[in-house]
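Before any questions on binding or motion, here is one chain by itself as C-alpha cells, the form predicted on its own.
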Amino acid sequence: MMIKALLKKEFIDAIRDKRSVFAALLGAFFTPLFFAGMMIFTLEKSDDVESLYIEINNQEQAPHIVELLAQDDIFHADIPEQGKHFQLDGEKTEHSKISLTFASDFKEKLAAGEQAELTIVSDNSKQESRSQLRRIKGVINNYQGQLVSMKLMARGISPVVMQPLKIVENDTSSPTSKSAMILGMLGVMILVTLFVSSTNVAIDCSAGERERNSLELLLMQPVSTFDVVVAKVVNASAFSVIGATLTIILTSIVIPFIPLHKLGAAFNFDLAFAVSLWLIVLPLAFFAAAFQLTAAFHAKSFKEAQSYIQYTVMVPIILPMMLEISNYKHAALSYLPVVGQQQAISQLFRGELESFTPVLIGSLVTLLTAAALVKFIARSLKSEKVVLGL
C-alpha cells in the first residue's frame, strides 16, 4: 500500500512538467521517422546513377573508351577555372575535378600490341573522388578485359587461359536476413530510445528533488528508503516502456514504406514480431531506470546529474560497438544486460531466434541487476552525504 501511494506521488510529480515529459518521449517518435527517412533516401539514391563529368583529353586516341564511359553516364566537360561548377544547357552542374588524358601515341601503341598509357588526375583525399575514380577505372578495366579476350581469340587461344579458376557464388541469405543487415541499426536505436525516455524523469525525481529540498522531507516520513527507491524506479521505467512501445508501434507503421525490395530484401513486421520485440526490451526498462537513478543520486548537483545521465544513454551504443570491434564472442554475453537484449533483437531481425530460453535467462539477470541497484540506492539514501549532495 505504501509503495502504491509513493508511486502515485512520483507519477504526479513526473507529469506535472509536461514539457519535460514531451521531451523525454520525443525520441520515441523521432527515431523511427529518422531511420525510415534515412533508409528511403539512401536506397532511392543508390538506385539512381548520377551523371559524372570529367575532363577527357586526346579523345580521338580512344573513341571506344570514350563511348563506353558515356554509356556509364561519364561525360567530358572542361574543368572549370574556379570552383566545381560549370554551366551545362543553362543549368549549374558540378564537375568532379577529375581529368583523364590519353597519351598522344595511345592508338598507335594499342594497334601495335604495345602497352598504351593513360593518366588519371584526381584528389584522392576526398571520399567522393575515390568512389568516382573507382567508377571510371571500372569502365577502363572492363574494356581492357574485353580487349585481352579478343586478342587471345584472334591468336587461336581461348580466353579461359587467363582465368583458369571459375568462382561460383551461392548466396544463401534469405530476404529476411538481407533486411536484417539494414534494420540491425534499428534495434540499437530502440534500445537508445528506452534509455532516453526515462532520463528526464530519473533526474527530476533524484537530483531535482534534492535541489527542491523535497527529498529530505520525503525520507523523514515513516517509509523505508527501499520503498521510496522502488517507487522511483518503477515510475521512471514506466516512461521507458511507454517510449519503447511508441517506437515499436511507429516502426511497424513506417517499415512498409522503406523500399527494401530494391535490395532483394523483405521484412514482415507483424503483431507477433512486435510483441516479441517488446518482451525482449521490457526488463531492460527497469535496469535503465535503476542505472540512471544510481548515477543521478550520486551526483552532487542537478547539472552534474545531467552529465552523468548523458553517459548512461550512450551505454546501448558503446557496449555493442566495443564487442563488434573487438570481435569478442562468448555464450555469457547473451545473458548480460543491454548486450543480451541487443543480440536477441539482432537474432529476431534475422529470423534466427529459435529459442527464447537465453532471452528469459538474460531478462532474469537484467531484473536481478536492477534489483541489486535498487538495494544499493536504498542503502546509499541512508547516508547524509548522498541525501544532501555533500
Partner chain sequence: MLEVKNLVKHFGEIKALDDLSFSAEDGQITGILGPNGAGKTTALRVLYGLLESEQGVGLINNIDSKQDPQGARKEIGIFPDKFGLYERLTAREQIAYFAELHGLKGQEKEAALDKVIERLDISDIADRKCEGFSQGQRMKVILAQALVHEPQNLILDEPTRGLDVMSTRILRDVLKALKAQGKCILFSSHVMQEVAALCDKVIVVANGKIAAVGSPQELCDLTGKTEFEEAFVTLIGSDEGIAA
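Positions refer to the first chain, counted from 1. Only a predicted model underlies this, so the values are computations on that prediction, with no experimental measurement involved.
As for the form predicted together with the partner chain, it is not shown, yet the points below apply to it.
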item	value
The partner chain contact at residue 85 in the predicted complex, heavy atom, 4.5 Å	no
Exercise: residue 94 in contact with the partner chain in the predicted complex, heavy atom 4.5 Å	no
In the predicted complex, residue 276 touching the partner chain (heavy atom, 4.5 Å)	no
Residue 216 within 4.5 Å of the partner chain in the predicted complex, heavy atoms	yes
The partner chain in the predicted complex: contacting segment from 246-254, 73-81, 218-226, 156-164, heavy atom within 4.5 Å	218-226
Among the candidates 109, 151, 300, 212, the residue which, in the predicted complex, approaches the partner chain to within 4.5 Å (heavy atoms)	212
